Ligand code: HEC
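A lone chain, given as structure tokens: the form predicted on its own.
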């Protein structure tokens, strides 16, 4: 018997006596591809808005910013209107109460969405991760990968988001590590053994 793999036989016994940090979680099948919703645009803006729709679909924005898509049951009446299901960003093996980010409402709703944002604020949030008050978003929102979007592509995404029908939907407040979350959340990440 190869002793390198002996730990596979001992692992079930070892795990039965130790605390499983993910014991209160169940696997879910998140929806990773949802077609970006149609938007209303004037004939003069139709091309740029359609290009923005294409980019939003390509970047997969709907998979986080559509309510309940992270659980595999997207609410299509809330496409891109933010999610009541958050994403944990701290290590569940070290922090039993993780920090949680709830994806924002990207529709042009004036109360709960980006309706009051300027084009420059939207573009900054996409490319630099800075919100309207200059606070840095966590890389759960993959803005580091969007830094090199061209000006034309960032403007097209902004035009598309502005052309969506506004959906009033306030998402839960983000949760700091160590605090209790009062809304559901999922854990993302890959862990590698140290051996």
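Positions refer to the first chain, counted from 1. This is a predicted model, so every value here is computed, not measured.
Keep in mind the form predicted together with ligand HEC is missing from the figure; the text below concerns it.
Peer 1: Look up in the predicted bound form whether residue 174 has a non-hydrogen atom within 4.5 angstroms of ligand HEC, and give yes or no.
Peer 2: Yes - in the predicted bound form, heavy atoms of residue 174 and ligand HEC come within 4.5 Å of each other.
Peer 1: With the cut-off set at 4.5 Å between non-hydrogen atoms, does residue 169 touch ligand HEC in the predicted bound form?
Peer 2: Residue 169: no contact with ligand HEC in the predicted bound form.
Peer 1: Classify residue 65 as contacting or not contacting ligand HEC in the predicted bound form by the rule of any non-hydrogen atom within 4.5 angstroms, answering yes or no.
Peer 2: The answer is yes: residue 65 has a heavy atom within 4.5 Å of ligand HEC.
Peer 1: Using the partner position in the predicted bound form, report whether residue 161 sits within 4.5 Å of ligand HEC, counting heavy atoms only.
Peer 2: Yes, contact at 4.5 Å.
Peer 1: Counting only heavy atoms and a 4.5 Å cut-off, does ligand HEC in the predicted bound form sit next to every one of 104, 114 and 126?
Peer 2: Each of the three qualifies.
Peer 1: So which of 48, 138, 34, 38 reaches within 4.5 angstroms of ligand HEC in the predicted bound form, heavy atom to heavy atom?
Peer 2: Looking at 48, 138, 34, 38 one by one, just 138 meets the 4.5 Å heavy-atom criterion.
Peer 1: At 4.5 Å, heavy atom to heavy atom, what parts of 43 to 63 sit next to ligand HEC in the predicted bound form? List them in sequence order, or say none.
Peer 2: Counting only heavy atoms within 4.5 Å of ligand HEC in the predicted bound form, the contacting residues of 43 to 63 are 59, 60, 61.
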